[in-house]
Each structure stands twice: as structure tokens, then as C-alpha cells.
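Below you will find one chain, with nothing else, as C-alpha cells; this is the form predicted alone, and questions on how it binds or moves follow later.
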Amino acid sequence: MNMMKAVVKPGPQPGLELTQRPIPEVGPGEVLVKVRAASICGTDLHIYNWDAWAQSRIRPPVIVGHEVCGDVVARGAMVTEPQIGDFVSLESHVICNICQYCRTGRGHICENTRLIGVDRDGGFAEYITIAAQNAWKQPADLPVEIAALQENFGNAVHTAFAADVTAKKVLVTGCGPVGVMAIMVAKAAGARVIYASDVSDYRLNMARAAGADLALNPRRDDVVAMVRQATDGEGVDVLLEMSGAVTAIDQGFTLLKPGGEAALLGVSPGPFTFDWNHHIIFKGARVYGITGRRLWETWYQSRGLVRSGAVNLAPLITHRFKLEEYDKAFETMASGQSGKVVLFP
């Protein structure tokens, strides 16, 4: 039996483990991808730390990692695309194609979704199998770090394009990598001005470099007062909430203008108190919950932004590690002193 290196959540406890696993067999509608690069996501940190969300969702043992790119090296008997040798990025949501959501063009909320690296084996390994339709062909000369990042970039694109940001005043709460990418997308889409907030000065500097006009740290800045002053007391037209932090959510909705739009990607730590009446009802706000990427509209939009040069993701990738250095890579990602962290098998 041919074996491969893989980073696995071995059991119900914090941490991960580098081990040997069999190279997976290819199903009739699947492709086998030799992984070139895989980037770390906030979801992976939850799994690494074994927090309450991970405990409720993950059933070890499982290979982790869902932001992946690589080369197609084998395919099942039913597969006509992609071709052997194609360089692909992977859509992490493996959908059923037959539920009511899939059949009405809403596969991103498929009721039978299985996520690689969460519900099934993922890409922090030398090889991964996945449904052929989940392998998105990329140009052979696209840098592997950028190709690995496309899944996460799609979260930012889906969020920013859920609202109309063109010529609007936009607030991005949470400037981790996906928040910074949302700033890039809003800038490319013609936002009038972009405000940003985060508790990490490192990430606020990344936000400024990405196009934020005013970047604030709520640990020392009065975010509500300073954005109100900058907007002549009006507040913002659009809130892009990327943090899941209760304080940031409250500040964001406090600053949202009547009739404004809020697109929410950040996952909160649990239920919390929220001023429903004043933040949404009396404002006539429009609120969008964002999960995954619209299949496949978001992927086409992402491709357009990258290939046109409207968005340059290269500065977002700050650290690179070998797969064997996964502990150091996760420590770097958790520090708040990084952009995207990429692993190489």
C-alpha cells in the first residue's frame, strides 16, 4: 500500500499529529490531486485548539486543511474534466447536487455539504481525493500560494459582493486575512471610503496597505466616535463583518446608516445579546448571512479580480512552512502577527 505524509487530528484533544496515511483511492466521479500548497484558515485554528465549535463538529481521526491547490494525477472512470496534469484549486464544499438548494442554484447552502478537512479528509497531506467538479482549473503559471488561497479569497468576494459597495462608505470589522481581502475587493469595486477595525496592529497595517482609509484598534480607539466624526455623523452605508467578535458586531451595527446593508461572515463564539430593534428593525437594515462561496458565481468573480490585476493577493502571504513544521505554522497564524500562512508537502 502506497503511503503519504498527512497532518491529522488524531483524537478529541488539542493539537495535531504528522503521520503516515494511505494514499486515498479515487472514486468514479473523483480526481486524485497531488498537493502543491495548502494555507491555514481560522477554522483550522479552531480544530487545532479543540474549542467548543471543534468539539461539536469534528469526528477524529481526520486529515485537516481545506485551502488547497495541486496537480490532478488520477481520475475516476466517470470524469471527463479536469484533465490529468491540470493545475487546480479546490472548492472545499463537496455538495450533493440533488437537494432542493443544489437544484435551485444555491449549492453553497446544500443541506448535505461535506467539507474537506472537517467532515472528510482534507489537504494538509501529499494527496487528496475530491469530486471532480470541485477542482477549479488554474493557469499553470499562477503562483501556488495564490492558487491555494482562492477558497478563502472566495469568502471575501462573496461577502463584499453581497452588498453594493460601489461609491459607498464601507466598514470592515475584523482584519484577519479574509477581512484584508474584503478590503481589497471593496476597493476594486469602487468603494468611496473604507474604514477598518481590529485588535491587532500588525493586521491593521495590512489593512492600510490593502486600501483602508482609516484603520482603528478598539483597544485604544473609540471606533464609533471616530467613524462618526469621519462620516460627518452619518455612519456607514455597508458593514462587512469578518470577526465574529461581539463588540465589533455591536459597533458595526451602531455605525450602520438607516437603510444600510450588512454582510456577515464572522462566526461568533456563541449566542449573545444584540439590540435587534435599533440595529436592524428600526433602521430598515438589509442583512446577509454569508457561508462559503456561491457555486460557481463566486469562483468566476474571484478569477476576474485576480487575472485582471484588480486585486493583488501576493502581499497577503507572509509565512511559508514545510508540512512537517505545522506546529510552528499554527503558532504563527494564532499570533495575530501574520497574513496567510502556507504549508508545502
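One rule holds for the numbers: they count along the sequence shown, beginning at 1. Note that this is a predicted model, so its numbers are computed, not measured.
Omitted here: the form predicted in complex with a small molecule. The next part is about that form.
The candidate stretches are 171 to 179, 184 to 192, 226 to 234, 127 to 135, and the one lying within 4.5 Å of the small molecule in the predicted complex by heavy atoms is 171 to 179. Of the listed positions (V79, A215, I146, A245), a single one reaches within 4.5 angstroms of the small molecule by any non-hydrogen atom in the predicted complex, namely A245.
Proximity to the small molecule in the predicted complex, defined as a heavy atom within 4.5 Å, holds among A209, V199, A74, C99 only for V199.
Interface residue remark: T113 is not counted as part of the site for the small molecule in the predicted complex, having no heavy atom within 4.5 Å. Proximity of T291 to the small molecule in the predicted complex: non-hydrogen atoms within 4.5 Å are present.
For L265, a non-hydrogen atom is located within 4.5 Å of the small molecule in the predicted complex, even though that partner is not displayed.
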